[in-house]
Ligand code: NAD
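Here's a solo chain for you in structure tokens, the form predicted alone.
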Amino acid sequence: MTTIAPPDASPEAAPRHGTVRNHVGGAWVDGGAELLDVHAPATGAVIARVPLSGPAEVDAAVRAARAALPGWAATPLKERVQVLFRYRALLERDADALTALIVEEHGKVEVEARAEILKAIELTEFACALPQVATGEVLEVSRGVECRADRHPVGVVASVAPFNFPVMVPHWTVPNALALGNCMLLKPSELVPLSATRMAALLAEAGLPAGVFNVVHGGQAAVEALCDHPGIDALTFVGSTRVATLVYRRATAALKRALALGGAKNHLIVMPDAEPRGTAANVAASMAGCSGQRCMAASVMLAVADVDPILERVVEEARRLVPGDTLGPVISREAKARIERHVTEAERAGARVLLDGRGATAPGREGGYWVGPTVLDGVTPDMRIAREEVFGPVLAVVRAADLDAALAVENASPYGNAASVFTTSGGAARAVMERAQAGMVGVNVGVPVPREPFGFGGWGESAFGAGDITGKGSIEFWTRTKKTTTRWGT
């Protein structure tokens, strides 16, 4: 099995994984003197230290990527994806170890961590298929005159990834960007740096040339340096809306191509005719899966008319989720405190707590950051918990007299990531499909994530920039089109 970069042997490197290092130009290098402790969310223990890189470290990675770009861009697409075929096989080979790493550094339960690896493999498979998808065009536009369009890489690109999916979200961008001929810098979340380090090692083992893929660890200073550096041609970001707005403005001000995905406030509309058992299971899984730490989590259930029997089932399904067994921790002590404040504030504002996850613990892991599944009824649309992203296993139930009233609540949200409806009525389903102001819509699906080749992306304050970050839509982001017109005399 491929190993992570060798840890620092100094006394400060006591944690199990030592001090992680940047991967630049095919080599493991120090990322700066300032270090941040990395905590295991399930126990609170320090498991590694991560460097907080700055402009100098970013510049070194950009220079390495620039040096590798001519050779990699000139490599035919079919040859580039051979590296990704080998990389995909390595992901399968090391699936158990990668799953365990996600469980340790992020806190996901094993089934969720393994699902993340499987999704990374699927995303890599799509990149392997790009020779059949990202083809050029040619047409004789008039007698003796031919026009053609060919795709060329953007150049050196950067991707800033969040903490909630340490492996999957980097695979939204890395395989496609590399397959299409770009050289890349990945800045993973400083809260979960280990999985990205393993990715770099596996790509190197797969035969990716030095400098084509680089990992720079760090926080705000590293992100700002990526936005500002003139040697970076394009940048993607996934995180909160507040930061996504700042990153998008800063990157585009530096004349970069940018796509920044922000937060979400997803609504699940439950109609009285919905199938009770499947609806309840889907709603509970959507709100609590990955401890609610995903932009596709259902955080608001719009209960249309009398759906109390279904809501009772939702509460029972959620009650079965056990912290430390079928429910993982949230990412940090600060996140736990913030989520519990949201619940307390809503209760004081008049919401009824049907299931209370505040103060949850897991036996034997009392130092972890646990929040149990929480369901609140009687939430009104003006309450903060109904408007703002909580990012925890919390479901706010908002009552609506009819479908029009429910859609009015959904449409009023500034976010536009996802919305779903649970119903047996084709008419109600069609109304939500047409009228929901969201980039991803589900019918009897709690987490309406499109699968490849369809792209992932929201509307409104959930996404800034044009296009989607995955699937066919991402091809436009990672390439430039060269148009050539030829005419030969006869």
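Just count from 1 along the sequence shown to find any residue number. Treat the numbers as computed from the prediction; the structure is a model and nothing was measured.
One more form of this protein exists, namely the form predicted in complex with this ligand; it is left out here, but the text below deals with it.
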Query - Non-hydrogen atom within 4.5 angstroms of this ligand in the predicted complex for each of 219, 246 and 391 - result: yes
**Report entry** Contact segment among 180-188, 395-403, 110-118, 88-96, judged by heavy atoms lying within 4.5 Å of this ligand in the predicted complex
**Finding:** 180-188
**Report entry** Partner-contacting position among 344, 380, 75, 240 - heavy atom within 4.5 Å of this ligand in the predicted complex
**Finding:** 240
Report summary line: Students should find that, of 295, 212, 284, 375, the residue having a non-hydrogen atom no more than 4.5 angstroms from this ligand in the predicted complex is 295
Requested in this report: Evaluate residue 462 for contact with this ligand in the predicted complex, applying a 4.5 angstroms cut-off between non-hydrogen atoms, and reply yes or no.
Outcome: yes
Query raised in the report: Does at least one non-hydrogen atom of residue 422 fall within 4.5 angstroms of this ligand in the predicted complex?
Result: no
Query raised in the report: For residue 200, is any heavy atom within 4.5 Å of this ligand in the predicted complex, or not?
Result: no
**Report entry** Exercise: residue 176 in contact with this ligand in the predicted complex, heavy atom 4.5 Å
**Finding:** no
Query raised in the report: Relative to this ligand in the predicted complex, which residues of 140-163 have a heavy atom no more than 4.5 Å away?
Result: 160, 161, 162, 163
